[in-house]
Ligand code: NAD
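Just one chain is shown here, as C-alpha coordinates, and it is the form predicted alone.
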(Lines give C-alpha, C1' and ligand atoms only; values in the text may rest on other atoms or scores of the structure.)
Protein backbone atom coordinates (compact mmCIF):
# COMPACT_ATOMS: atom_id res chain seq x y z
CA UNK A 1 0.00 0.00 0.00
CA UNK A 2 1.57 3.35 -1.02
CA UNK A 3 2.36 5.78 1.79
CA UNK A 4 -0.09 8.66 2.22
CA UNK A 5 0.87 12.30 2.76
CA UNK A 6 -1.71 14.91 3.91
CA UNK A 7 -1.31 18.66 3.45
CA UNK A 8 0.26 20.80 6.17
CA UNK A 9 -1.76 23.82 7.34
CA UNK A 10 -1.86 25.64 10.67
CA UNK A 11 0.85 23.49 12.20
CA UNK A 12 -0.82 20.15 11.60
CA UNK A 13 -1.72 17.55 9.01
CA UNK A 14 -4.67 18.70 6.93
CA UNK A 15 -6.99 16.47 4.96
CA UNK A 16 -8.69 17.25 1.66
CA UNK A 17 -11.44 15.64 -0.37
CA UNK A 18 -9.11 14.48 -3.14
CA UNK A 19 -5.93 12.47 -3.45
CA UNK A 20 -3.29 12.25 -6.11
CA UNK A 21 -0.90 9.46 -7.09
CA UNK A 22 2.85 10.18 -6.97
CA UNK A 23 5.01 8.23 -9.42
CA UNK A 24 8.58 7.01 -9.26
CA UNK A 25 10.04 8.10 -12.63
CA UNK A 26 12.53 5.22 -12.52
CA UNK A 27 9.79 2.59 -12.59
CA UNK A 28 6.66 4.42 -13.68
CA UNK A 29 4.94 2.98 -10.60
CA UNK A 30 2.90 4.71 -7.91
CA UNK A 31 4.83 4.82 -4.65
CA UNK A 32 2.80 7.38 -2.68
CA UNK A 33 -0.54 9.11 -2.40
CA UNK A 34 -0.80 12.78 -1.47
CA UNK A 35 -3.70 15.03 -0.56
CA UNK A 36 -4.75 17.42 -3.33
CA UNK A 37 -5.73 20.90 -2.19
CA UNK A 38 -9.05 22.41 -3.24
CA UNK A 39 -10.44 25.90 -2.76
CA UNK A 40 -11.33 25.26 0.89
CA UNK A 41 -7.77 24.13 1.66
CA UNK A 42 -6.26 27.20 0.00
CA UNK A 43 -8.68 29.45 1.89
CA UNK A 44 -7.64 27.81 5.16
CA UNK A 45 -3.96 28.27 4.35
CA UNK A 46 -4.48 31.92 3.41
CA UNK A 47 -6.38 32.63 6.64
CA UNK A 48 -3.82 30.83 8.78
CA UNK A 49 -0.82 32.54 7.19
CA UNK A 50 -2.48 35.95 7.40
CA UNK A 51 -3.51 35.52 11.03
CA UNK A 52 -0.11 34.16 11.99
CA UNK A 53 1.54 37.25 10.53
CA UNK A 54 -0.94 39.85 11.80
CA UNK A 55 -1.91 38.41 15.19
CA UNK A 56 0.25 35.42 16.01
CA UNK A 57 3.43 35.24 18.09
CA UNK A 58 5.66 35.25 15.00
CA UNK A 59 5.64 39.06 14.68
CA UNK A 60 6.89 39.43 18.27
CA UNK A 61 9.73 36.92 17.96
CA UNK A 62 13.06 38.75 17.87
CA UNK A 63 15.62 38.26 15.10
CA UNK A 64 17.82 36.44 17.61
CA UNK A 65 14.99 34.01 18.37
CA UNK A 66 14.33 33.51 14.66
CA UNK A 67 18.00 32.68 14.25
CA UNK A 68 17.73 29.95 16.85
CA UNK A 69 14.64 28.43 15.25
CA UNK A 70 16.19 28.39 11.77
CA UNK A 71 19.34 26.74 13.08
CA UNK A 72 17.08 24.03 14.51
CA UNK A 73 15.52 23.60 11.05
CA UNK A 74 18.99 23.22 9.55
CA UNK A 75 19.86 20.57 12.10
CA UNK A 76 16.51 18.86 11.55
CA UNK A 77 17.33 18.52 7.85
CA UNK A 78 20.68 16.93 8.67
CA UNK A 79 19.10 14.62 11.23
CA UNK A 80 16.79 13.29 8.52
CA UNK A 81 19.32 13.50 5.70
CA UNK A 82 19.07 9.86 4.63
CA UNK A 83 15.29 9.87 4.65
CA UNK A 84 15.10 13.15 2.71
CA UNK A 85 17.63 12.02 0.10
CA UNK A 86 15.73 8.80 -0.51
CA UNK A 87 12.42 10.65 -0.73
CA UNK A 88 13.89 13.14 -3.21
CA UNK A 89 15.30 10.38 -5.41
CA UNK A 90 12.11 8.34 -5.37
CA UNK A 91 10.07 11.43 -6.28
CA UNK A 92 12.35 12.94 -8.96
CA UNK A 93 14.36 9.96 -10.22
CA UNK A 94 17.68 11.79 -9.80
CA UNK A 95 20.64 9.67 -8.67
CA UNK A 96 20.82 9.12 -4.92
CA UNK A 97 24.37 10.47 -4.83
CA UNK A 98 23.06 13.84 -6.08
CA UNK A 99 20.33 13.92 -3.44
CA UNK A 100 22.72 12.79 -0.72
CA UNK A 101 25.77 14.92 -1.44
CA UNK A 102 24.23 17.98 -3.11
CA UNK A 103 20.55 18.64 -2.46
CA UNK A 104 20.14 17.74 1.21
CA UNK A 105 23.31 19.26 2.68
CA UNK A 106 22.86 22.37 0.52
CA UNK A 107 19.31 22.77 1.88
CA UNK A 108 20.60 22.63 5.45
CA UNK A 109 23.41 25.09 4.66
CA UNK A 110 20.89 27.59 3.31
CA UNK A 111 18.94 27.66 6.58
CA UNK A 112 22.19 27.89 8.51
CA UNK A 113 23.47 30.80 6.41
CA UNK A 114 20.36 32.96 6.67
CA UNK A 115 20.01 32.17 10.37
CA UNK A 116 23.55 33.38 11.02
CA UNK A 117 23.25 36.49 8.85
CA UNK A 118 19.69 37.73 9.26
CA UNK A 119 20.55 40.20 12.03
CA UNK A 120 23.31 41.79 9.94
CA UNK A 121 21.09 41.89 6.85
CA UNK A 122 18.32 43.60 8.86
CA UNK A 123 20.65 46.23 10.32
CA UNK A 124 18.99 49.64 10.50
CA UNK A 125 20.63 52.45 8.53
CA UNK A 126 20.61 56.08 9.66
CA UNK A 127 21.02 58.82 7.06
CA UNK A 128 21.65 62.45 8.05
CA UNK A 129 19.69 64.39 5.46
CA UNK A 130 20.28 67.82 7.08
CA UNK A 131 22.00 68.72 10.33
CA UNK A 132 18.64 68.67 12.10
CA UNK A 133 16.94 65.94 10.02
CA UNK A 134 17.64 62.22 10.15
CA UNK A 135 16.17 59.33 8.19
CA UNK A 136 15.96 55.85 9.69
CA UNK A 137 15.82 53.13 7.04
CA UNK A 138 14.43 49.93 8.51
CA UNK A 139 13.68 46.55 6.97
CA UNK A 140 10.37 44.86 7.70
CA UNK A 141 8.94 41.56 6.41
CA UNK A 142 6.71 41.67 3.34
CA UNK A 143 3.91 39.77 5.13
CA UNK A 144 2.39 36.63 3.67
CA UNK A 145 4.57 35.14 0.94
CA UNK A 146 3.49 32.50 -1.57
CA UNK A 147 6.45 30.29 -2.49
CA UNK A 148 5.94 28.32 -5.71
CA UNK A 149 8.54 25.64 -6.31
CA UNK A 150 9.35 23.54 -9.44
CA UNK A 151 9.81 19.79 -9.74
CA UNK A 152 13.50 19.63 -10.67
CA UNK A 153 14.93 20.60 -7.26
CA UNK A 154 11.91 20.39 -4.97
CA UNK A 155 13.76 20.28 -1.64
CA UNK A 156 16.62 22.63 -2.43
CA UNK A 157 14.62 25.42 -4.06
CA UNK A 158 11.94 25.15 -1.36
CA UNK A 159 14.73 25.57 1.20
CA UNK A 160 16.16 28.60 -0.60
CA UNK A 161 12.83 30.35 -0.56
CA UNK A 162 11.63 29.21 2.86
CA UNK A 163 14.88 30.04 4.67
CA UNK A 164 14.97 33.59 3.27
CA UNK A 165 11.27 34.24 3.81
CA UNK A 166 11.30 33.01 7.42
CA UNK A 167 14.58 34.72 8.26
CA UNK A 168 13.03 38.03 7.15
CA UNK A 169 10.00 37.42 9.41
CA UNK A 170 7.33 36.48 6.88
CA UNK A 171 4.72 33.76 7.05
CA UNK A 172 4.47 31.48 4.03
CA UNK A 173 2.28 29.29 1.88
CA UNK A 174 4.52 26.86 0.04
CA UNK A 175 3.13 25.31 -3.12
CA UNK A 176 5.33 22.53 -4.50
CA UNK A 177 4.91 21.03 -7.94
CA UNK A 178 2.16 18.44 -7.92
CA UNK A 179 4.69 16.07 -9.50
CA UNK A 180 7.10 16.32 -6.55
CA UNK A 181 5.31 17.44 -3.37
CA UNK A 182 6.77 15.05 -0.80
CA UNK A 183 10.00 16.70 0.33
CA UNK A 184 8.21 20.04 0.80
CA UNK A 185 5.75 18.35 3.16
CA UNK A 186 8.66 16.72 4.99
CA UNK A 187 10.37 20.13 5.26
CA UNK A 188 7.23 21.66 6.80
CA UNK A 189 7.19 18.93 9.42
CA UNK A 190 10.85 19.61 10.23
CA UNK A 191 10.04 23.32 10.65
CA UNK A 192 7.16 22.44 12.96
CA UNK A 193 9.35 20.13 15.04
CA UNK A 194 11.93 22.91 15.30
CA UNK A 195 9.35 25.13 17.00
CA UNK A 196 8.17 27.39 14.18
CA UNK A 197 4.74 28.61 15.42
CA UNK A 198 1.47 27.37 13.96
CA UNK A 199 0.33 29.00 10.74
CA UNK A 200 3.78 30.36 9.84
CA UNK A 201 4.56 27.53 7.40
CA UNK A 202 1.75 26.03 5.32
CA UNK A 203 2.08 23.59 2.41
CA UNK A 204 -0.66 23.14 -0.17
CA UNK A 205 -0.16 20.58 -2.91
CA UNK A 206 -2.38 21.16 -5.90
CA UNK A 207 -2.64 21.58 -9.63
CA UNK A 208 -1.72 25.06 -10.76
CA UNK A 209 -4.72 25.12 -13.06
CA UNK A 210 -7.00 24.61 -10.06
CA UNK A 211 -5.44 26.62 -7.23
CA UNK A 212 -2.88 28.91 -8.90
CA UNK A 213 -5.20 31.88 -9.36
CA UNK A 214 -6.79 31.39 -5.92
CA UNK A 215 -3.38 31.68 -4.33
CA UNK A 216 -1.74 34.35 -6.48
CA UNK A 217 -4.63 36.78 -6.92
CA UNK A 218 -5.73 36.88 -3.28
CA UNK A 219 -5.18 40.14 -1.41
CA UNK A 220 -4.05 38.26 1.69
CA UNK A 221 -0.81 37.44 -0.15
CA UNK A 222 1.75 40.26 -0.15
CA UNK A 223 4.49 38.65 -2.24
CA UNK A 224 5.01 35.76 -4.67
CA UNK A 225 8.35 34.05 -5.22
CA UNK A 226 8.15 31.72 -8.22
CA UNK A 227 10.61 29.42 -9.92
CA UNK A 228 9.38 27.63 -13.03
CA UNK A 229 8.46 27.92 -16.68
CA UNK A 230 7.89 31.14 -18.59
CA UNK A 231 4.39 30.05 -19.51
CA UNK A 232 3.32 29.64 -15.89
CA UNK A 233 5.29 32.73 -14.88
CA UNK A 234 3.28 34.88 -17.27
CA UNK A 235 0.05 33.47 -15.82
CA UNK A 236 1.20 34.33 -12.29
CA UNK A 237 2.08 37.88 -13.32
CA UNK A 238 -1.45 38.19 -14.70
CA UNK A 239 -3.02 36.82 -11.52
CA UNK A 240 -0.95 39.10 -9.31
CA UNK A 241 -2.00 42.18 -11.27
CA UNK A 242 -5.45 41.89 -9.70
CA UNK A 243 -3.88 42.90 -6.38
CA UNK A 244 -0.54 44.73 -6.36
CA UNK A 245 2.16 42.39 -5.05
CA UNK A 246 5.92 42.06 -4.86
CA UNK A 247 7.17 39.44 -7.33
CA UNK A 248 10.40 37.48 -7.66
CA UNK A 249 10.40 35.41 -10.85
CA UNK A 250 13.08 32.89 -11.79
CA UNK A 251 12.04 31.59 -15.19
CA UNK A 252 13.57 29.61 -18.03
CA UNK A 253 16.98 29.60 -19.63
CA UNK A 254 18.89 28.65 -22.75
CA UNK A 255 22.33 28.97 -21.29
CA UNK A 256 25.55 28.92 -23.27
CA UNK A 257 28.92 27.44 -22.39
CA UNK A 258 31.79 29.06 -24.27
CA UNK A 259 34.95 27.02 -24.75
CA UNK A 260 37.91 29.18 -25.77
CA UNK A 261 40.90 27.80 -27.68
CA UNK A 262 43.18 28.25 -24.66
CA UNK A 263 40.92 26.18 -22.37
CA UNK A 264 42.03 23.06 -20.54
CA UNK A 265 40.31 20.65 -22.92
CA UNK A 266 39.74 17.86 -20.40
CA UNK A 267 38.31 20.28 -17.85
CA UNK A 268 36.04 21.86 -20.47
CA UNK A 269 34.76 18.49 -21.70
CA UNK A 270 34.11 17.10 -18.22
CA UNK A 271 32.59 20.37 -17.03
CA UNK A 272 30.33 20.54 -20.06
CA UNK A 273 29.10 16.98 -19.42
CA UNK A 274 28.10 18.02 -15.92
CA UNK A 275 26.54 21.28 -17.11
CA UNK A 276 24.06 19.55 -19.42
CA UNK A 277 23.58 16.00 -18.11
CA UNK A 278 23.43 16.64 -14.35
CA UNK A 279 19.88 16.06 -13.11
CA UNK A 280 19.08 14.70 -16.59
CA UNK A 281 19.48 18.20 -18.04
CA UNK A 282 16.36 19.30 -16.16
CA UNK A 283 17.88 22.56 -14.96
CA UNK A 284 17.12 26.17 -15.81
CA UNK A 285 20.88 26.75 -15.90
CA UNK A 286 21.65 23.74 -18.14
CA UNK A 287 24.33 24.65 -20.67
CA UNK A 288 22.33 23.30 -23.57
CA UNK A 289 24.26 25.48 -26.05
CA UNK A 290 27.97 24.72 -26.15
CA UNK A 291 29.93 27.21 -28.27
CA UNK A 292 33.46 26.16 -29.16
CA UNK A 293 36.25 28.18 -30.77
CA UNK A 294 37.23 26.93 -34.24
CA UNK A 295 40.76 25.80 -33.40
CA UNK A 296 39.64 23.16 -30.90
CA UNK A 297 36.12 22.43 -32.16
CA UNK A 298 36.79 18.99 -33.64
CA UNK A 299 38.81 17.74 -30.65
CA UNK A 300 36.23 19.03 -28.19
CA UNK A 301 33.25 17.50 -30.00
CA UNK A 302 35.00 14.15 -30.33
CA UNK A 303 35.88 14.06 -26.63
CA UNK A 304 32.43 15.20 -25.47
CA UNK A 305 30.56 12.59 -27.52
CA UNK A 306 32.92 9.78 -26.47
CA UNK A 307 32.44 10.50 -22.77
CA UNK A 308 28.67 11.07 -23.06
CA UNK A 309 28.32 7.52 -24.40
CA UNK A 310 29.89 6.22 -21.18
CA UNK A 311 27.35 7.81 -18.82
CA UNK A 312 25.57 5.06 -16.89
CA UNK A 313 21.77 5.30 -16.90
CA UNK A 314 19.87 3.51 -14.18
CA UNK A 315 17.53 3.54 -11.22
CA UNK A 316 18.19 6.57 -9.04
CA UNK A 317 18.45 4.42 -5.93
CA UNK A 318 21.43 2.56 -7.40
CA UNK A 319 24.60 4.32 -6.23
CA UNK A 320 26.34 3.40 -9.48
CA UNK A 321 23.79 5.37 -11.51
CA UNK A 322 25.13 8.55 -13.10
CA UNK A 323 21.95 9.71 -14.84
CA UNK A 324 18.38 8.87 -13.96
CA UNK A 325 15.08 9.20 -15.84
CA UNK A 326 13.14 12.28 -16.86
CA UNK A 327 10.40 13.40 -14.52
CA UNK A 328 7.49 12.05 -16.59
CA UNK A 329 6.47 10.43 -19.85
CA UNK A 330 5.03 13.77 -20.97
CA UNK A 331 8.42 15.43 -20.51
CA UNK A 332 10.11 12.64 -22.46
CA UNK A 333 7.66 13.00 -25.35
CA UNK A 334 8.41 16.72 -25.48
CA UNK A 335 12.14 16.02 -25.72
CA UNK A 336 11.66 13.37 -28.40
CA UNK A 337 9.76 15.95 -30.46
CA UNK A 338 12.63 18.46 -30.04
CA UNK A 339 15.16 15.86 -31.19
CA UNK A 340 13.12 14.89 -34.23
CA UNK A 341 12.75 18.53 -35.21
CA UNK A 342 16.50 19.13 -34.85
CA UNK A 343 17.20 16.25 -37.22
CA UNK A 344 14.75 17.69 -39.75
CA UNK A 345 16.48 21.07 -39.56
CA UNK A 346 19.86 19.49 -40.34
CA UNK A 347 21.62 19.18 -36.98
CA UNK A 348 24.10 16.29 -36.86
CA UNK A 349 23.34 13.70 -34.17
CA UNK A 350 26.57 12.51 -32.53
CA UNK A 351 25.10 10.29 -29.80
CA UNK A 352 21.88 9.45 -28.02
CA UNK A 353 18.63 10.83 -29.35
CA UNK A 354 16.53 7.82 -28.36
CA UNK A 355 14.90 5.89 -25.55
CA UNK A 356 17.37 3.24 -24.27
CA UNK A 357 16.49 -0.36 -25.11
CA UNK A 358 17.81 -1.92 -21.88
CA UNK A 359 15.08 -4.14 -20.36
CA UNK A 360 15.77 -2.95 -16.81
CA UNK A 361 14.97 0.63 -17.88
CA UNK A 362 11.86 -0.19 -19.84
CA UNK A 363 9.28 0.98 -17.30
CA UNK A 364 10.94 4.27 -16.43
CA UNK A 365 11.05 7.57 -18.31
CA UNK A 366 14.65 7.29 -19.51
CA UNK A 367 16.29 9.07 -22.44
CA UNK A 368 19.88 8.78 -23.60
CA UNK A 369 22.40 11.64 -23.25
CA UNK A 370 22.13 13.40 -26.60
CA UNK A 371 24.57 15.65 -28.46
CA UNK A 372 24.06 17.51 -31.74
CA UNK A 373 26.88 19.20 -33.63
CA UNK A 374 26.85 21.70 -36.49
CA UNK A 375 23.91 23.50 -34.91
CA UNK A 376 23.20 26.94 -36.36
CA UNK A 377 21.47 29.89 -34.68
CA UNK A 378 18.39 29.63 -36.89
CA UNK A 379 17.54 26.12 -35.61
CA UNK A 380 14.82 25.77 -32.99
CA UNK A 381 17.04 23.65 -30.75
CA UNK A 382 19.51 26.56 -30.55
CA UNK A 383 16.77 28.96 -29.42
CA UNK A 384 14.22 26.99 -27.40
CA UNK A 385 14.58 25.53 -23.92
CA UNK A 386 14.48 21.72 -24.06
CA UNK A 387 14.82 20.95 -20.33
CA UNK A 388 16.37 17.56 -20.85
CA UNK A 389 19.69 15.84 -21.62
CA UNK A 390 20.20 17.41 -25.04
CA UNK A 391 23.24 19.52 -25.94
CA UNK A 392 23.79 21.38 -29.20
CA UNK A 393 27.35 22.32 -30.15
CA UNK A 394 28.21 25.27 -32.40
CA UNK A 395 31.47 26.90 -33.44
CA UNK A 396 32.71 30.48 -33.28
CA UNK A 397 35.75 32.49 -34.30
CA UNK A 398 36.87 35.24 -31.91
CA UNK A 399 35.35 36.82 -28.81
CA UNK A 400 32.95 39.13 -30.63
CA UNK A 401 31.26 36.26 -32.44
CA UNK A 402 31.21 34.23 -29.22
CA UNK A 403 29.40 37.01 -27.37
CA UNK A 404 27.01 37.56 -30.25
CA UNK A 405 26.05 33.88 -30.35
CA UNK A 406 25.71 33.64 -26.58
CA UNK A 407 23.44 36.69 -26.52
CA UNK A 408 21.33 35.43 -29.43
CA UNK A 409 18.65 34.27 -27.02
CA UNK A 410 15.54 35.60 -25.34
CA UNK A 411 16.92 34.26 -22.06
CA UNK A 412 19.68 35.60 -19.82
CA UNK A 413 20.01 33.32 -16.81
CA UNK A 414 23.59 32.00 -16.76
CA UNK A 415 26.60 31.03 -18.83
CA UNK A 416 29.99 29.32 -18.54
CA UNK A 417 33.39 30.28 -19.92
CA UNK A 418 36.18 27.73 -20.13
CA UNK A 419 39.56 29.42 -20.57
CA UNK A 420 43.07 29.55 -19.08
CA UNK A 421 43.37 33.21 -20.07
CA UNK A 422 41.72 35.19 -17.26
CA UNK A 423 41.92 38.49 -19.15
CA UNK A 424 40.25 37.07 -22.25
CA UNK A 425 37.62 35.30 -20.14
CA UNK A 426 36.91 38.51 -18.25
CA UNK A 427 36.46 40.49 -21.46
CA UNK A 428 34.01 37.91 -22.74
CA UNK A 429 32.07 37.70 -19.47
CA UNK A 430 31.50 41.47 -19.55
CA UNK A 431 29.87 41.18 -22.98
CA UNK A 432 27.40 38.41 -22.15
CA UNK A 433 23.93 39.39 -20.98
CA UNK A 434 23.31 36.93 -18.15
CA UNK A 435 22.81 37.20 -14.41
CA UNK A 436 25.50 34.65 -13.54
CA UNK A 437 28.74 33.73 -15.29
CA UNK A 438 30.85 30.77 -14.18
CA UNK A 439 34.49 30.68 -15.29
CA UNK A 440 36.13 27.24 -15.32
CA UNK A 441 33.34 25.76 -13.23
CA UNK A 442 29.62 25.17 -13.40
CA UNK A 443 26.56 25.27 -11.16
CA UNK A 444 28.19 26.53 -7.99
CA UNK A 445 25.54 28.35 -5.99
CA UNK A 446 26.73 30.08 -2.86
CA UNK A 447 24.42 31.36 -0.13
CA UNK A 448 26.65 34.42 0.19
CA UNK A 449 26.04 35.77 -3.33
CA UNK A 450 22.89 36.42 -5.39
CA UNK A 451 21.47 34.40 -8.24
CA UNK A 452 18.89 35.50 -10.82
CA UNK A 453 18.47 36.20 -14.50
CA UNK A 454 17.93 38.91 -17.08
CA UNK A 455 15.54 39.26 -20.01
CA UNK A 456 12.96 36.44 -20.23
CA UNK A 457 14.74 34.54 -17.47
CA UNK A 458 12.92 36.71 -14.95
CA UNK A 459 13.66 39.37 -12.36
CA UNK A 460 14.63 39.57 -8.71
CA UNK A 461 17.31 37.60 -6.89
CA UNK A 462 17.62 34.53 -4.72
CA UNK A 463 20.39 34.06 -2.12
CA UNK A 464 22.94 36.54 -0.83
CA UNK A 465 22.00 39.73 0.97
CA UNK A 466 20.24 40.90 -2.20
CA UNK A 467 18.06 37.79 -2.31
CA UNK A 468 17.23 38.05 1.38
CA UNK A 469 16.21 41.71 1.03
CA UNK A 470 13.70 40.75 -1.69
CA UNK A 471 11.64 39.29 1.17
CA UNK A 472 11.62 42.58 3.06
CA UNK A 473 10.13 46.01 2.53
CA UNK A 474 12.09 49.19 3.20
CA UNK A 475 10.54 51.79 5.50
CA UNK A 476 11.82 55.37 5.71
CA UNK A 477 11.21 57.15 9.04
CA UNK A 478 12.15 60.86 8.86
CA UNK A 479 12.65 62.69 12.14
CA UNK A 480 13.05 66.49 12.36
CA UNK A 481 15.14 67.37 15.42
CA UNK A 482 15.08 71.16 14.98
CA UNK A 483 16.11 72.79 18.28
CA UNK A 484 15.13 76.26 19.53
CA UNK A 485 12.65 76.95 16.75
CA UNK A 486 10.02 75.13 14.74
CA UNK A 487 10.40 73.48 11.35
CA UNK A 488 9.27 75.31 8.21
CA UNK A 489 6.09 73.27 7.96
CA UNK A 490 4.82 75.01 11.09
CA UNK A 491 4.82 78.38 9.32
CA UNK A 492 3.55 77.39 5.91
CA UNK A 493 0.10 78.86 6.35
CA UNK A 494 1.13 81.37 8.99
CA UNK A 495 -1.80 80.89 11.34
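Residue numbers count along the first chain shown, from 1. Keep in mind the model is a prediction, meaning the values are calculated, not measured.
What comes next is about the form predicted in complex with nicotinamide-adenine-dinucleotide, which is not displayed.
Undergrad: Quick one: does residue 321 come within 4.5 Å of nicotinamide-adenine-dinucleotide in the model of the complex, counting heavy atoms only?
TA: Looking in the model of the complex, residue contacts with nicotinamide-adenine-dinucleotide do not include residue 321, since no heavy atom lies within 4.5 Å.
Undergrad: Could you confirm whether residue 270 comes within 4.5 Å of nicotinamide-adenine-dinucleotide in the model of the complex, counting heavy atoms only?
TA: Contact check for residue 270: no, nothing within 4.5 Å of nicotinamide-adenine-dinucleotide in the model of the complex.
Undergrad: With the partner left out here, check for me: in the model of the complex, does some heavy atom of residue 384 sit within 4.5 Å of nicotinamide-adenine-dinucleotide?
TA: Contact check for residue 384: no, nothing within 4.5 Å of nicotinamide-adenine-dinucleotide in the model of the complex.
Undergrad: Do residue 94 and nicotinamide-adenine-dinucleotide share at least one heavy atom pair within 4.5 Å in the model of the complex?
TA: Flag for residue 94 set to no.
Undergrad: Please determine, with the chain shown alone, which of 373 to 381, 240 to 248, 171 to 179, 298 to 306 has non-hydrogen atoms within 4.5 Å of nicotinamide-adenine-dinucleotide in the model of the complex.
TA: It is the stretch 171 to 179.
Undergrad: Could you check which residue among 212, 197, 143, 356 gets a heavy atom within 4.5 Å of nicotinamide-adenine-dinucleotide in the model of the complex?
TA: Looking at the other structure, the residue within range turns out to be 212.
Undergrad: Answer with one of 156, 188, 403, 284: the residue that has a non-hydrogen atom within 4.5 Å of nicotinamide-adenine-dinucleotide in the model of the complex.
TA: So the residue touching nicotinamide-adenine-dinucleotide in the model of the complex, by this definition, is 284.
Undergrad: Enumerate the residues of 392 to 425 that have a non-hydrogen atom within 4.5 Å of nicotinamide-adenine-dinucleotide in the model of the complex, in sequence order, or give none.
TA: Stretch hits: a single one, 413.
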